[in-house]
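Given next, in structure tokens, is a single chain: the form predicted on its own.
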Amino acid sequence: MSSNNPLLANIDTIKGVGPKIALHLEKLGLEKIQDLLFHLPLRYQDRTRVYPLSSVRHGQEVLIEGQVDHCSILFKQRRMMICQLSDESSGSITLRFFHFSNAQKLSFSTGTWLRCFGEIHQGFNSLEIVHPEYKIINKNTPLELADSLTPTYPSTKGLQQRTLRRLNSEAIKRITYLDEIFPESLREQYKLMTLAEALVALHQPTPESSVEQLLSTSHPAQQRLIFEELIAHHLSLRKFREYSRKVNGITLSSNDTLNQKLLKSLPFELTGAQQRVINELKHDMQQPWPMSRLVQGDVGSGKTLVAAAAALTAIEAGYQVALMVPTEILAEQHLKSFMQWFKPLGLRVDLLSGRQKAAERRNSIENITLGLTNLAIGTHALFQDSVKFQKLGLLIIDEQHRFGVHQRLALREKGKQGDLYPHQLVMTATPIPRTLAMTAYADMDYSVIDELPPGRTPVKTVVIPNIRRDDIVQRINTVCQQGAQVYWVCTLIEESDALQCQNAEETLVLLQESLPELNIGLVHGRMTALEKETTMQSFKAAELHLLVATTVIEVGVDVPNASLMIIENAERLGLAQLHQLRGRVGRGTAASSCVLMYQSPLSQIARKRLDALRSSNDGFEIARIDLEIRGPGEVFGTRQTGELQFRIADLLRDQHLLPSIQAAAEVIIKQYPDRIQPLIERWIKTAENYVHA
């Protein structure tokens, strides 16, 4: 594009964009006018037509008009105002307000006409809208309707939707200046819209546009953008992989003495899968370029021991190892395991975390700097400028999906010695089908530990409605009296009108009242690291019978004596997360159970999810089922599958496109190499960080 292209002008050149709005826009990554075109709507509202009340259904977000039949204030669990509306279609609906004034109550007199917008829910006796947007109208003087679907954009505090809509309209006026980088031959081959057509259709969808298609991301305009974005990311990862193979790594070789000593000290033998993956890691670390390998293994497959074997290979060759984890709880857990394995070998393991006292922290940093530490375990604290490794040979990252690629590359840069980069081992227990993983992690080699250690008893999973809560409480009492421990997982910390979820703090109080003889603790994400760790240590030491927790315990908690888990409102969680949580029990020798407690009524998709978990303990099978049954608009994990952040694409949702993406990318590499960098820069603002990190 030429330098005088209006789309490349700063956003503050648009009338009405002052320093304050520009600052808000910058937080969203919007600096040039062209950035607005790729700042895509999250969802759409249909305000182009008024729906008859007799035609509306649960789950729809609609514009309605109706006459107030009656309005009253009720005092139940909390004070609320209930209004009944009806229209000429003989339909009716309830409006429910929890926050209202006396003036509002008086304005809703019988016979008053209202125009309302909101989401339809199935109430106790009728359909209802909770806190709708509304206007009092004159039935004889109709209000104007919108002439296109109304987009809702990702925003930030202080930036209103109407501002974003106005700015996007200004950007659309300049869309003729947008370059079509994607080759025309490929666009015709895959029957794709032009980029300009697609962007106009998404920012200003006509009333005839299918809201269902737009919400499910199956609209042709969205498919056009998804296709180009996936190609851009594929090309970026291919470029990064080529670059990684050109830089110099540390050739690590050892006589395997430490590994043999560790294996002899273990009360069990490695599985065939563990041994195979260890051999793959050793082979990689002997190459003249830095290893970059993803090791995937289900909950309980023994990934930590595989990481220990790789660490010993590096340590025996005279290098230090860093193990980075996402949480304090997981760091403490790994410290315990590695101390047990490495201390008898005469090796030093140090912890570096945010909760350490100043003296402990200084001591750990000093040991790492002097090279006295063989293995450093830490959270984000490992990134601090004060932490300098003397001779880092291997970087291990646990639960990769919790970290961004920049964090991983920053730590790799920290370990660079001269022109030599350390090796990297990335581990995850989040099951991803192989073909998908090979795309999401195209810059890495890939291994799977597809075998569980012998003796692991599968966790029995049952699904019950929450009206049987009293039965579960009684079972907890029995289990604890027999000497075992229990988890009770809540999906929210605070109360919510929209979600019928018991919050963790309220659940703690109720369980303490029901089970006065038991010691019960609480862990959630808003507690300090010290508070969480103190409670977890009490639970590990069996000082607590029952632990009420949010999903903060999803990863890394290992309490073999815990044999029962209750997950409340299990229908609110995805299959992958439910499987991870379930993996916290069944870690000892006792038979273990997981109770999935749900709030009726269950949607068809939620029922399929819970049935899948009840029927299988295999994480990869569960991942396969999850991809089969996901409905439109559902979110599996985060938008950030793998490492790179997507604007519209989703690797899991859009995996059916991957064979075409790979084929099209090959054509671009061979026939249009000059298009590669512009495509990457259009979709990935930080692309250079991946290639030159």
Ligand code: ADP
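Note that the structure is a prediction, hence the values are computed from the model and not measured. Start at 1 with the first residue shown and count on from there.
Only in words, not in the display: the form predicted together with the ligand, which the text now covers.
- Only one of 456, 608, 348, 614 lies close to the ligand in the predicted complex, with a heavy atom inside 4.5 Å, and it is 456.
- 301 is the sole member of 491, 168, 301, 222 with a non-hydrogen atom within 4.5 Å of the ligand in the predicted complex.
- Across the options 228-236, 293-301, 565-573, 520-528, residues that bring heavy atoms within 4.5 Å of the ligand in the predicted complex belong to 293-301.
- The ligand in the predicted complex comes within 4.5 Å of no heavy atom belonging to residue 485.
- The closest non-hydrogen atom of residue 560 lies within 4.5 Å of the ligand in the predicted complex.
- Interface residue remark: residue 535 is not counted as part of the site for the ligand in the predicted complex, having no heavy atom within 4.5 Å.
- With a 4.5 Å cutoff on heavy atoms, residue 424 does not count as touching the ligand in the predicted complex; it lies far away.
- Contacts of stretch 256-272 with the ligand in the predicted complex, defined by any heavy atom lying within 4.5 Å, are made by 268, 269, 270, 271, listed in sequence order.
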